[in-house]
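Consider the single chain below, provided in structure tokens and representing the form predicted alone.
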Amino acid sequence: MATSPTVKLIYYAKLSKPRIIWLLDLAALAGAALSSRFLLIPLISVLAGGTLASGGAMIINEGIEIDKDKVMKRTSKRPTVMGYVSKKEAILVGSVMLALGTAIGLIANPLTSFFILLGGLIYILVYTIWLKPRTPLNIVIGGFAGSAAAWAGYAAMTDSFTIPSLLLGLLIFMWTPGHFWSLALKYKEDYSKAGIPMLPVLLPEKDSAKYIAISNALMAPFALILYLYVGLPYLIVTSIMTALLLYNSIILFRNPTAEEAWKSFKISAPYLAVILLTIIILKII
């Protein structure tokens, strides 16, 4: 029995990982806000193009990783695993979305389009295909995929790549390892079964928690230094949020359980979201 277009769209929406995309869009908005400019058409271009391209990259990722997803409890119900979307179809549709998103970015300017494409290619080629199956540094280097969203947002407003833009991207890059290592610590057995060498798979829980804490501590200066471009209210908000994140990292280090790892993961996404929203709000007002 043929699947209706509406149901198929729902499958693709699930595969596009909307909970990650909204954070990438928020990063693009923060990048745009950091420029202190507001250009409506380029802003729509980077958000629409970035959303399409990011969703396409996620779908390609899940097409490539069907076999791994089958053995992981966390991913065993994905439409690709369930057979609703084939590997070939996922890669084809995802590639079309990535190409369309990149093309839409050209409405802003070529630099924006470049960063949109760069984010997608880093996620697919560098992270998914090259690093993820081979090294525990996979998510460290793969974090640049998220940085590209912020750089695209800034470029859409300014057609440039400057120190503020670089710093915002580096904040996202530095935030990524602690966030995803917490997830990997929670689902350590899943990643082990799939043969994915995430850092918590290769190290004891205590050591994994130590590196999560170190990663978050190293990220803190990159979050705080942006006050030079956003102002004192940003420094206050970010200092409070960073203190809470680091306190949670200490708790995880003292008690490196799956439950505490999950709390760490659930705290780190709102942490970044609050920082990005603070940039957006303060630069608008």
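Start at 1 and count along the sequence shown; that's the residue number. Quantities reported herein were computed from a predicted structural model and do not represent experimental measurements.
What follows is about the form predicted in complex with a small molecule, which we do not show.
One stretch from 205-213, 68-76, 87-95, 158-166 that, in the predicted complex, holds residues within 4.5 Å of the small molecule by heavy atom: Of the stretches listed, the one contacting the partner is 68-76.
Does Ile20 reach the small molecule in the predicted complex, with heavy atoms at most 4.5 Å apart? Ile20: contacts the small molecule in the predicted complex.
Find out whether any non-hydrogen atom of Ala261 is located within 4.5 angstroms of the small molecule in the predicted complex, and reply yes or no. Answer no; every heavy atom of Ala261 is more than 4.5 Å from the small molecule in the predicted complex.
Can any non-hydrogen atom of Leu171 be found within 4.5 angstroms of the small molecule in the predicted complex? Heavy-atom contact with the small molecule at 4.5 Å: absent for Leu171.
Flag Ala108 as yes or no: does it have a non-hydrogen atom within 4.5 angstroms of any non-hydrogen atom of the small molecule in the predicted complex? Outside the cut-off, so no.
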